[in-house]
Structure formats: structure tokens, C-alpha cells
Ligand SMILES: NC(=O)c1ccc[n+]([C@@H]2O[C@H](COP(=O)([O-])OP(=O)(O)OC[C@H]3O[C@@H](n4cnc5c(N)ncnc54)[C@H](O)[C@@H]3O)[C@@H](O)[C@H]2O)c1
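For reference, the chain that follows is the form predicted on its own, supplied as C-alpha cells.
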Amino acid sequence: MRALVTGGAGFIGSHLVDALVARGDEVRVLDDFFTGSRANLNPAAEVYEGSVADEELARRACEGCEVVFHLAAHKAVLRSVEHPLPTDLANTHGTLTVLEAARARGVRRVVYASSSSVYGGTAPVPTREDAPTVPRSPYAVSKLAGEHYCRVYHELYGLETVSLRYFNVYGPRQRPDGAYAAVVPLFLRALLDGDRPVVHGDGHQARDFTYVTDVVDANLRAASAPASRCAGRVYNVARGVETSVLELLAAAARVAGVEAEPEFAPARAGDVRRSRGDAGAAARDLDVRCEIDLETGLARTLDALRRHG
């Protein structure tokens, strides 16, 4: 199979590229390296450098591909609050551009990376896909818009689309540097450096942490599941386990073998209070089961951080 991975130099995308290459697929990567890293690139992948919002480039990248995994995005909630227009260009317009390119080039299926942030923290917990969506940041709005575009392209044009709502993905290659770094690499880096990890808010806000290889597996299964079962639909990708930020810090400290004394800071704009996914639909339709427990995932992430920085 020939596949295109947009955002294939990023954290999740590069792991997906590695998995596709390992099973013998011909892989293309479309990435502008805004947040992705050339160090993440698999040397077997063909690289198209530029924005997913570039119509001509997207069409060239999609030429001859059977499946497009669309992971390219401006991902940080806080960045989207501070810079909403670039977020919308990359996420909303970029998704529409990729869908149109896929349609024009006869791609069979587009697997779209969405986010649990579309729920906005108001839905019942655990949260099913039919819960109300009340996004609380420009990033979440853009991800929900992309889901609707995927559904419409399936209904209007017959393009097979599957949208996956990721719940707090973590793992190796997730960068601990920068103003918009995620909580897991920030905690691990601080613990390794002997610093006090910063906890925003009171630390009792809860998340459903999902290890990156489980997310990669969900993408692969979403690409091959029967269209009659999943095309045009959206699925949670989650372990279904709720962990508070303070519990996460305690688990990270146990794995690192150190004591953790947090430093508290104001809550971040756009953050939700609780997040936990009901992954029953993904198990039923895609045979997806997220199986890596938190401490195992943290240990693997910590090992990669020690080895590669």
C-alpha cells in the first residue's frame, strides 16, 4: 500500500510512519516542520516539504495513494488561544485542502486525527462519541470543524473517512521544551533535571492518558476496517482510565525513582476539568483496544528521554 502521512515528522506521525514502513508499505510524508523534527523522519519515507494548506502540494502528495493519514496540525490548546488565525489556517483550511486533494486523486480513505478537546469538559464522564461537543479553544473548534468536513466528504462525495478523537497522547519523541509542551514530557524532564515540576491549577484536573503505540495501532486499524462499519464516523481512542495531574506526577516520580515536589501555577486558559473516553465503539467497529498502562508507558517514555534527550 502507498500511504501519505501528513505531519509525518511530528510526535505521533513519525511513529505511524515507522509502523507503516516496518510492515512494508510505501510511505510519503507531508510536513512543513513547524513543530515536526527532521530527526524523526524515517529514511525510507518520501518527503514533501510544505503546508497542508498548499493545494498543489497536497494534490501532488496524494497522487497514487490509497490511504491518507491526516495528522498535521497546530496542536497546542494554549497556542491556539494566543494565535487563533494560524491555528485555523493549518487545522481547518488544511484539513479541507487535504480532503479535496484526496478526492481529486482517488484516495480510498482518509483517517483524520481529531481530539478529545472537542467535548469541552461538559460531557458526561466517561464520554461517548454521541455526547454534546462544546469546544473551549480555537484548537478544539478547528478539530471539530475537521470532523464535520470528513463526514460531509463521505456523504457528498463517497470518500471514506474515519475520524479518531485522541485522548492525551504521550510517549517518546514528545518534546519537553517550548512554551506549549505537554504535561508528561514536562514532568519527566523536570524530574530528570532535579527541578520542581510545574502543576497548573490545583492538580486535581483529570485526563485519560493514551500511549502513542496504541494510537498508531488505532490508525492502522481505522485504515483497514470495513467501510460499511466505520466510514463517515468518529471514534474515541482512549484507555478509559481517569488520572489526575497529581496522580500522574506521583507515577512519573515512581518510575524515575525520585521524590516530586510540585510548584503550583495558575490554570491554563482553555483547559478542561475532566476527560475520560468511552472506547467501546472503537473496540466494536475497529477492533481497537488501548492496552499500555500508564506506568509502563511512562517508563518507556523516560527511557527514550534518557537515551535521546
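We number the residues from 1 along the sequence you see. This structure is a prediction, so every number in the text was calculated from the model and none was measured.
What follows is about the form predicted together with the ligand, which we do not show.
Peer 1: Of the options Ala90, Ala140, Val234, Leu191, which one has a non-hydrogen atom that comes within 4.5 Å of the ligand in the predicted complex?
Peer 2: Here the answer is residue option Ala90.
Peer 1: Work out which of Ala9, Cys290, Leu20, Leu286 lies within 4.5 Å of the ligand in the predicted complex, going by heavy atoms.
Peer 2: Spelling it out, the residue with a heavy atom inside the cut-off is Ala9.
Peer 1: In the predicted complex, is there a heavy atom of the ligand that lies within 4.5 Å of any heavy atom of Glu26, even though the partner is absent here?
Peer 2: No - in the predicted complex, heavy atoms of Glu26 and the ligand never come within 4.5 Å of each other.
Peer 1: Taking the ligand as it sits in the predicted complex, is Val169 in contact with it (heavy atom to heavy atom, 4.5 Å or less)?
Peer 2: Looking in the predicted complex, residue contacts with the ligand include Val169, since a heavy atom lies within 4.5 Å.
Peer 1: Determine whether any heavy atom of Val52 comes within 4.5 Å of a heavy atom of the ligand in the predicted complex, and answer yes or no.
Peer 2: It does: once the ligand is placed as it appears in the predicted complex, Val52 has a heavy atom within 4.5 Å of it.
Peer 1: Does at least one non-hydrogen atom of Val110 fall within 4.5 angstroms of the ligand in the predicted complex?
Peer 2: So Val110 does not count as contacting the ligand.
Peer 1: For the chain seen here without its partner, which of 261 to 269, 65 to 73, 247 to 255, 275 to 283 has a heavy atom within 4.5 Å of the ligand in the predicted complex?
Peer 2: Result of the contact check: 65 to 73.
Peer 1: Going by the ligand in the predicted complex, which residues of 23 to 56 come within 4.5 Å of it through any heavy atom?
Peer 2: Residues within 4.5 Å: Leu30, Asp31, Asp32, Phe33, Phe34, Thr35, Gly36, Gly50, Ser51, Val52.
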